[in-house]
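Next up is one chain by itself, shown in structure tokens, the form predicted alone.
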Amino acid sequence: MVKYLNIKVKLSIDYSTFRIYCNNNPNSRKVVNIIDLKQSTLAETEHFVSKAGENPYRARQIRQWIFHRGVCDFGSMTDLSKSLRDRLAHIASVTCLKQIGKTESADGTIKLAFELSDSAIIESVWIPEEKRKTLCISTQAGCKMGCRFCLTGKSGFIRNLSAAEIVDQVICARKSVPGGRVTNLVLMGMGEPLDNYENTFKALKVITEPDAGLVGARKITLSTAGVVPGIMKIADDFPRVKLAVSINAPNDDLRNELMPINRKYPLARLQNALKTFPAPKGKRITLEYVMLKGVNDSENNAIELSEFAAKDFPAKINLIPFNPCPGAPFDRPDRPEIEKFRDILVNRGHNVFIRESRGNDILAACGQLSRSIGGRDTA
């Protein structure tokens, strides 16, 4: 009898633990994320709604609430019937990032910090200009690439973002920035987009769906540190996206030191991949070059970069003066040195631009994003 009672108690405890686990573990809930459907097109959402026993036209209403109004609570979708709202609450979900920080730069740039469901932190940056309002979004929490001049890489890697988490940065930002305007999108935030290929590609498809009304494909730029297989794959899967490649060193020895990915995909392989990329009509592949004082800013470096950029693919070169970040052992070259470097490239026939930093005073510029709130690392 005592053994029987002991067994009963043990079963009760195990069941209670299991129930608590299920309630707190989002992966244990058998619900479908509307944004994370296999393709997340209007047609697929219509199919999902039909399987739930509703008229397919409800899908368009649901997507209007999500993408145009930024609503992630089915209970607030008031033009749906109460019964449908209740049913959706049990079988579906919508990712809704929690905004935990908003910092504005003196130049109008806004950095947004979001907390994910597992408490990881990501950052997005909104950059206003006269004719465009650009949003820089993240594809990973942290980064694996380990580039020595980048604060994101220094903070380490936590995980890939889901497609829904990538998309929701656009939806949330539109609710938080002046005028709610996002005209252009750059995948240049935290993480390497092509290291999270499946979710990045799915997110791009969702963002560019006509009924979603987020950002058109021609207004999107994807930046990579040089993941060669990903470049070749995105060229086939999503050729309308513009490509930016972070070069930062014009020879393998120096690039190996600055960017560990070069050991796997050296410059010759990267060149061959770029030749296959179909730059949109009238557009060029952007080569991004972070300028580091006394490291990659010599006259010879400029000549080597010119030779790399002349290898049978249309390119423009963005020179990015290094943006200081905590713990980085580099300095920004003086302006005359940057202009001299630029002039060498221009005289050799290249389109070259010196990219002015935006949001530097709030650690929102290129290479400055991290898992932090107000400068405090959350790792």
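Quick note: we count residues from 1 along the sequence shown, nothing fancier. This is a predicted model, so every value here is computed, not measured.
This protein has a second form, the form predicted in complex with S-adenosyl-L-homocysteine, left out of what is shown; the following refers to that one.
Undergrad: Taking 4.5 Å between heavy atoms as the contact cutoff, choose which of 182, 187, 204, 141 touches S-adenosyl-L-homocysteine in the predicted complex.
TA: It is 187.
Undergrad: Pick from 241, 309, 290, 273: which has a non-hydrogen atom within 4.5 Å of S-adenosyl-L-homocysteine in the predicted complex?
TA: None of the others qualify; the residue that does is 290.
Undergrad: Verify the contact flag for residue 296: yes if a non-hydrogen atom of it lies within 4.5 Å of a non-hydrogen atom of S-adenosyl-L-homocysteine in the predicted complex, no if not.
TA: Residue-level check for residue 296: no, no contact with S-adenosyl-L-homocysteine.
Undergrad: Would residue 323 count as a contact of S-adenosyl-L-homocysteine in the predicted complex, using a 4.5 angstroms cut-off between non-hydrogen atoms?
TA: Residue 323: yes, in contact with S-adenosyl-L-homocysteine in the predicted complex.
Undergrad: Just checking whether residue 160 would be counted as a contact of S-adenosyl-L-homocysteine in the predicted complex - the rule being heavy atoms within 4.5 angstroms.
TA: Because no heavy atom of residue 160 falls inside 4.5 Å of S-adenosyl-L-homocysteine in the predicted complex, the answer is no.
Undergrad: Classify residue 150 as contacting or not contacting S-adenosyl-L-homocysteine in the predicted complex by the rule of any non-hydrogen atom within 4.5 angstroms, answering yes or no.
TA: Output for residue 150 is yes: heavy atoms within 4.5 Å of S-adenosyl-L-homocysteine.
Undergrad: Which of 298-306, 188-196, 125-133, 92-100 has heavy atoms within 4.5 Å of S-adenosyl-L-homocysteine in the predicted complex?
TA: Of the stretches listed, the one contacting the partner is 188-196.
Undergrad: At a 4.5 angstroms cut-off on non-hydrogen atoms, which residues of 238-274 are near S-adenosyl-L-homocysteine in the predicted complex? List them in order.
TA: Going through 238-274 in order - heavy atoms within 4.5 Å of S-adenosyl-L-homocysteine in the predicted complex - the hits are 246, 248.
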